[in-house]
Each structure stands twice: as C-alpha cells, then as structure tokens.
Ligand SMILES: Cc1cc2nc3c(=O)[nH]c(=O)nc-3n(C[C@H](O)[C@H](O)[C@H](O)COP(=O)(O)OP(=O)(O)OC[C@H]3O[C@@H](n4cnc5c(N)ncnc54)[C@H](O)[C@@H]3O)c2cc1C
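Take a look at this single chain in structure tokens; it is the form predicted on its own.
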C-alpha cells in the first residue's frame, strides 16, 4: 500500500485563483506539484468564477497597494506566457463623502505608496467622465490609473493551463477529508473522500469559503473566517448610451464609500449591462446557500439613480449571480504556516474578503516561497499572521469602519 501512494514536492488543495496561481508558481520552479479540487474545475460554487473582477490599487490599508502593483506585473507576465488576455486596463474611481474616514485613508495610502492620483469634486467629475458620473456637493472622487477588469474563470483556467505546461498534475472531484503528519517519512499525507492518498513534502490549503471547516477538521485550529453569500448584479444602460460605459470609452472601475459600500465595473462581459453590486452579503456556509439576492435593493437603486442620472435603469437588476466571500473580523487575509504538529509543512491562505482575486498571482508567489524557502521577500506578512487574533479577536486595528456589509438574513 505504501508503495502505491503518489508522492509530490507540493500538494495544493483548492483550485480557485489562489491555488491555481500557487500550483503555477511551484511547478514553474521545478517542484513536482499536485493541485486538488473538490468539485469540477472552474465550478461556480466558490469565489473564483464569473465574468469580471476589479483590479485597483486604492485601499484604505497602506500595505495592499504594493501587493497590487506586484500582482499586476505578474498578471501581465502570465498573459504573455499563455498568449491571450484576461486583464483589461482602465482607470479606477473611488468616491464618497469628503469626510469619510476610509476614503481619506485611501488618499493617505496613495500618498504613502507613491500612487499618482487626483481628487475631483462634484463640478470637475462631470468633465472627468464625460458627464456620465455625478456627485453630491459634499462628495469627492479619487482617480488613479491603476484600475481594470479581470475575467476570473478565464484567468483561473489560464493559470491551470500554465501549471500543466510546467508539469503539474491536476485532479478534480477530489474532496480532501484528512491531512496528517507523516511521522515516518516527514511531510504530510493527504486523504480524499474516494479513499486515495497522496504524500507531499509540503502542502498548501487555500479552499475559500470551506477554509474554516477544513482547517478545523484536520488540525483543531479555528480560523475566524466567516463565509458570506453575496449577489452580483447587472443593470441595464439606457438605449443609445451603451458604448459610453465601456473601457474603450474610458469608463472606470469604481467604488463608493458609504453605507452601503458599492462597487462596479464598466460594461464588458454583457453588452448593454453594467455590473453594480453591494459589497457584502449574509453569513452562510457554502452548503446552505439560497442562490437568491442577499441585500435590500433600495439604497443601491437610490445610488444608481443619483450617480448616473437616468443613464442606467435603477428600477431593478436585469441579471443576478450568486458568489461567496470569506471574511475575517478585520477584513485582512490569513497567510501563514498552520503550525502545531504540522510546523511549516502546511501553509494556509484564506479570508480574502471579496477583494482578493486581483491578488492571486502575488499570493500564489508568496505561498510558493513559503513552501519552497520557508519565507517570502515580496510582502511583509505581519498583517496576515494567525497570531494577530490571539492578541485581539478583532485582528488588526483600523481607524475606519468595515467595508463589507454583513446581514443576518436575506432581505428581498
């Protein structure tokens, strides 16, 4: 039996964007890599599917912009390697009340990270975006060049394709049920529901909304990661204005700070429609989803009507899609060694809080560094360590409110 176990340098559990990027990086560095996925590849049950994700460097936290810039470079390198595009660049527009703490922190973060930006008010925003966007008198906007749209399903497929090209082994419909320390050979034994076992010198666990459950089952460690069910919404653009809201016309990716936090992307994946959701959802295990809208629409309708002044029909969304977030108390990531009996043999990554997709390439590189070298030089991981929750259950302290809206029940 022992001789029948397949052996690998690195086993990556979870084939969403983080796992696929990790498998790409480890296989690129000649590590014999196995990527395991519990469902079909490119499934729609987690957080890495769909037609669009935003890339932006405007974060209230000043430790994220440099990660975005490094990730953007890696997106471009992967596109060049595979031969097609998944990243479509435009500008980024953040707006909100001029005294909003998070928006002021965005400006401070841009200054600290040397991100060029300009501030517009309710007068100058009209010229900035060809009269397509309006702001109230007490609001401001922040415009930066680091915006864009990533096509997520295509992007995950791209990194899986490149991993295979590098010699990685990919297996789907492989639900991991156990990870055990191999006391004889070192490394870990990974067992799947079908009964198969795999041995790995190192293991990476990055399973999105299943993170808390799997890590607790295999180690007893309880990660403060809450899955949320969220709803992506598409709204119809007024006839005759469809081309105005496209990247080709210079329309930006955007975010509005306030209650609720609203974000969106230019019209791209569905001609004549624009994606405008609320950044939030309801606490929900991935096995208990309703697949129905998760937030009340009235504040969103009001915002769309006021900002786009009738150029986008705010009556109701014409299309909705269900997705999952994984949120920590401080809305920062978890990237760390699992520790305990596993020591540095198992690396975990989760809690990407609905804003992590853009970071996939740099997170994949970080995770590859951790399993290959025991450290990473790309990013300071202080803000992402598990131990921060031992010191304070709320995690990293911040001087602005949470961005992710969390509801206790579905409102329709």
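A quick note: this is a predicted structure, and the numbers were derived from the prediction, not measured. Numbering follows the first chain given and starts at 1.
Omitted from view is the form predicted together with the named molecule, to which the following refers.
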Checklist entry - If contact means any heavy atom within 4.5 Å, which of 172-180, 135-143, 337-345, 290-298 contacts the named molecule in the predicted bound form? => result 172-180
Next on the checklist: Does any part of residue 235 reach within 4.5 Å of the named molecule in the predicted bound form? Heavy atoms only, please.
Outcome noted: no
Checklist entry - According to a 4.5 angstroms non-hydrogen atom cut-off, is residue 54 in contact with the named molecule in the predicted bound form? => result yes
Item to check | Non-hydrogen atom contact residue 371 with the named molecule in the predicted bound form at 4.5 angstroms | outcome: no
Item to check | Proximity of residue 208 to the named molecule in the predicted bound form, heavy atoms at 4.5 Å | outcome: yes
Item to check | Three-residue site 24, 74 and 364 fully in contact with the named molecule in the predicted bound form at 4.5 Å by heavy atom | outcome: no
Checklist entry - Which one of 198, 245, 87, 263 is close to the named molecule in the predicted bound form, taking close to mean a heavy atom within 4.5 Å? => result 263
Next on the checklist: For the stretch 147-168, I need every residue with any heavy atom inside 4.5 Å of the named molecule in the predicted bound form, listed N to C.
Outcome noted: none
